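The chain below stands alone and is given as structure tokens, in the form predicted alone.
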């Protein structure tokens, strides 16, 4: 039985024809929205633009989402749900400060390079995006990063510095470097991760608490 709810990600796989149709419709809306947001930007996109990019009737859209804001949140949350487990797994495996920092950045940049449509949809309109980085799954991802930073400090992998500042710094660098990376003719996740890692490894010692 499907546990899909309006405007939220499906948790269980559908088993009946009706459930499969619902999932297909929802997926079509999200795929169309990713493309339109990436092309036009969040601010310029309308629900009509999203509907026109699908083969669905306008009424079908409102069976799943109330507005473009809900669609945008769903895209952000689904993106976070896909990448969060990979990021956490890398941090859990870390046995040194370099493992922790490089694993986080490498995993994020690799994901961005392979799912560039979702990233472009989220980052296309910078002003709008920055006030919308507050969806449940994205916030949960930030919280997980902070928790892992604190655990790494207790385990001796990281020096005792301000966990909130370090979390915010890693998130900011990750998004901004990824955006520059994706604007290049040939995105290079490895080079981006190496740069971010060297930047942090060279700077963390300077902010170590005494």
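Take the two forms, find the largest set of C-alpha atoms that superpose within 1.5 Å, and that set is the rigid core. Here the structure is a predicted model, which means the values were calculated and not measured. Numbering follows the first chain given and starts at 1.
Not on display, but discussed next: the form predicted together with the DNA.
Engineer: Which single stretch, out of 138 to 146, 178 to 186, 154 to 162, 46 to 54, brings residue heavy atoms within 4.5 Å of the DNA in the predicted bound form?
Structural biologist: That would be stretch 46 to 54.
Engineer: Even though the partner isn't displayed, in the predicted bound form is residue 202 close enough to the DNA, meaning a heavy atom within 4.5 Å?
Structural biologist: Although the DNA is absent here, residue 202 would stay clear of it in the predicted bound form, with no heavy atoms inside 4.5 Å.
Engineer: Is residue 35 a contact residue for the DNA in the predicted bound form, using a 4.5 Å heavy atom cut-off?
Structural biologist: The answer is no: residue 35 has no heavy atom within 4.5 Å of the DNA.
Engineer: Using a 4.5 angstroms cut-off on non-hydrogen atoms, would residue 64 count as touching the DNA in the predicted bound form?
Structural biologist: Residue-level check for residue 64: yes, a contact with the DNA.
Engineer: Using a 4.5 angstroms cut-off on non-hydrogen atoms, would residue 17 count as touching the DNA in the predicted bound form?
Structural biologist: Heavy-atom contact with the DNA at 4.5 Å: present for residue 17.
Engineer: With the partner absent here, would 82, 85 and 114 each sit within 4.5 Å of the DNA in the predicted bound form, counting heavy atoms only?
Structural biologist: No: no residue has a heavy atom within 4.5 Å of the partner.
Engineer: Core-aligned, is the CA shift for residue 62 between this form and the one not shown 2 angstroms or more?
Structural biologist: Where the cores coincide, residue 62 still shows a C-alpha shift between this form and the one not shown that is 2 Å or more.
Engineer: Aligned on the rigid core, do the two forms place the Cα of residue 24 2 Å or more apart, comparing between this form and the one not shown?
Structural biologist: Yes; residue 24 is a residue whose C-alpha shifts (by 2 Å or more) between this form and the one not shown when the cores are overlaid.
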